[in-house]
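Just one chain follows, in the form predicted alone, and it is written as structure tokens.
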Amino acid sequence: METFKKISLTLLSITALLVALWIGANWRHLSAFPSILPSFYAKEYCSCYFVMERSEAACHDFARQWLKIDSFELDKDGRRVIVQGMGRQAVARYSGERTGCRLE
């Protein structure tokens, strides 16, 4: 029983070390991941609402992802969309007919 415990602990330690090394090697890409959800939602909603001129409900359906956002703000006068999710905030602004919406 003692040998099984030692082998299990060694395998667990090696696995944890390999996972830590993989995270360290890919940290740049992993740290960018939380920004993807609010950026995607803001950009897609902005394009749907200001470029395609669809309704607010239709644009929420259009931009919705399986991970929920924390907050949403539509600034119609400023022609921008502010979305918070996964601890990050993204702002998309309508910049004109030719260029559509851009992330700030």
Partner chain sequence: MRQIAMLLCAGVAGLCFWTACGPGGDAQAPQLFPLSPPPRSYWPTRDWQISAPETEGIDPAALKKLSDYLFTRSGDEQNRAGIRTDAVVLIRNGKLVYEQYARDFNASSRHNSWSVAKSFVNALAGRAQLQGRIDIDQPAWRYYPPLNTPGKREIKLRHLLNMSSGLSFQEEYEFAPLKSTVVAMLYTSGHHDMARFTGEQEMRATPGEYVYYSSGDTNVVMAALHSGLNDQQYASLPWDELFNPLGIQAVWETDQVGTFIGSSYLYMTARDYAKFGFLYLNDGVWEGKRLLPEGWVDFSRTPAPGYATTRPYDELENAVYGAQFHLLVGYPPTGIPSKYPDAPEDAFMAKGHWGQVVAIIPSLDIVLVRLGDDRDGNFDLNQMMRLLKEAVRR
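All values derive from a computational prediction rather than experimental measurement. Positions refer to the first chain, counted from 1.
The protein also exists as the form predicted together with its partner chain; that form is not presented, and the subsequent description refers to it.
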(request) Answer yes if any heavy atom of M86 is within 4.5 Å of a heavy atom of its partner chain in the predicted complex; otherwise answer no. (result) yes
(message) At 4.5 Å between heavy atoms, is F40 in contact with its partner chain in the predicted complex?
(response) yes
(message) Taking its partner chain as it sits in the predicted complex, is F62 near enough to touch it, meaning that at least one heavy atom pair lies within 4.5 angstroms?
(response) yes
(request) Verify the contact flag for N26: yes if a non-hydrogen atom of it lies within 4.5 Å of a non-hydrogen atom of its partner chain in the predicted complex, no if not. (result) yes
(request) For the stretch 80-104, return the residues whose heavy atoms include at least one within 4.5 Å of its partner chain in the predicted complex, in the order they occur. (result) M86, E97, R98, T99, G100, C101, R102, L103, E104
